[in-house]
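Below sits a lone chain in structure tokens, taken as the form predicted alone.
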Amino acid sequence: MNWKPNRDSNLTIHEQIVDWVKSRIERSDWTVGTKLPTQRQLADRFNVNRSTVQLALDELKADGLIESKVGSGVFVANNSWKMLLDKAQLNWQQHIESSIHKPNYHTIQLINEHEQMDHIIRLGTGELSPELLPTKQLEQSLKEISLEPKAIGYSPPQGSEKLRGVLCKYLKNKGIETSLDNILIVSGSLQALQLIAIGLLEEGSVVFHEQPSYLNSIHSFQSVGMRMISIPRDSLLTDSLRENKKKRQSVLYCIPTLHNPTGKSWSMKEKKTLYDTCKELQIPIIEDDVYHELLFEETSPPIKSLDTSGQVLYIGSVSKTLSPGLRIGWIVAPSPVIGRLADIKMQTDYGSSAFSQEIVAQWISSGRYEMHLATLREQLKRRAEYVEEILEQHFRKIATWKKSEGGFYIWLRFHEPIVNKALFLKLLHHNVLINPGYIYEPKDLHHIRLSYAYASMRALEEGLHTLLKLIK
């Protein structure tokens, strides 16, 4: 034992002694039950005061590495090696549990995991089937696109000027008058919500949302300390906003066209009433309009078309219509808001994919996008009618639903509260994946968000028969 403390070290003498004893135990020089030298022996060998040795030994005892036995001395404790191993390994779980962003519900984690498995029948997926994606046309468009060197570098903070110019013309057809300075290109609508949550609202702000709500299945607002207030649909356009309006900042999130998860759409009268109420109360509106192009029959224009005061933050995307893999969406808002959100976006990802922006700009400007949408709507309508036939034949005695207006979903309601975690897991055991209502409204045990957009016709029928069998 030739080791001596280094008096020029940044560590104190007692800290060096602690580290030295730990190293002896880690290397198994001192195994469990080994008796340590006495305090006097250690003090003499290290040429230090006994009080310094005593301090080091007290710390080692507190850590559970050594233990005193009355009348016998000090020994290496039984669990000393495990204690050192635990301390040597970084406790990532502690970091995870103390992080700001809330984890997904366990059910949603299972959905995300099993959606990647080919043998699973996906009855709830909010995504187009591979057979509905315009793969060949996208391949052809890649051959036609002419790229300039600057176009495939980093985008400007607000996104490709070409794409924003194309969107100005495209949105005009929806009654939305806007300009380049009022558009921000984002990596899908979810990023839009995340940017708004961290860039425009103070901690503790109130986020009003329709009940049930897509917001309950993601945590963009909850993770940054927002207070969520859900408002039942039948009260949404009455005095609920006035009653719940507080002095704190607030915002209303809504999907007025083909709502997720219910698939319902508001009338123009409802949209105007809501807009006027929010304008009076000075509550900004986040209008999530990613399903609008998938309406089977044309209906009223977006709330944003009514907006003359910059009250509405409008979100659009091609993820539900062209390809989720392109990761292209947009926000339309007043220029100060766009500037703020663009600054945050540059701090997080330095701009959306330049290649994806070129593809989307070409598809919209050439008219290819509108042609694709017309075909896609017909395909989705056939799928919806096919599923509604199965429901009519086999489910009408145990559940209710409304005919789909477009998009992906049928909000299937069972008479009895049977849609619980046990049913979800039982179906998963039979390779059928559903989106239960309780991930959109925690107390909802009646609903399933039934998607006809992803699974094949044959898989839809097989999955629904498995669902019926397990319920009965």
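Note that this is a predicted model, so its numbers are computed, not measured. The first residue of the sequence shown is number 1, and the count goes up from there. C-alpha atoms forming the largest set that superposes within 1.5 Å between two forms make up the rigid core.
From this point on, the text means the form predicted in complex with another copy of the chain, which you will not see here.
Out of the listed residues Ser267, Gln379, Asn173, Asn112, Asn112 is the one that sits within 4.5 Å of another copy of the chain in the model of the complex by at least one heavy atom. In terms of contact with another copy of the chain in the model of the complex, the residue from Arg327, Lys162, His394, His372 that brings a heavy atom within 4.5 Å is Arg327.
Not displayed here, another copy of the chain is approached by Pro149 to within 4.5 Å at the level of heavy atoms in the model of the complex. In the model of the complex, another copy of the chain lies within 4.5 Å of some heavy atom of Phe355.
Residue contact with another copy of the chain in the model of the complex: Glu202 places a heavy atom within 4.5 Å of it. Another copy of the chain is not drawn, but in the model of the complex it has a heavy atom within 4.5 Å of Lys320. The stretch among 381-389, 274-282, 67-75, 293-301 whose residues place heavy atoms within 4.5 Å of another copy of the chain in the model of the complex is 274-282.
Residues of 368-383 that come within 4.5 Å of another copy of the chain in the model of the complex, judged by any heavy atom, do not exist; none qualify. Annotation: Cα of Ala422 displaced by less than 2 Å between this form and the one not shown, core superposition. Superposed on the core, the two forms differ at Gly33: its CA moves 2 Å or more between this form and the one not shown.
Once both forms are fitted on their rigid core, the CA atom of Leu42 lies 2 Å or more apart between this form and the one not shown.
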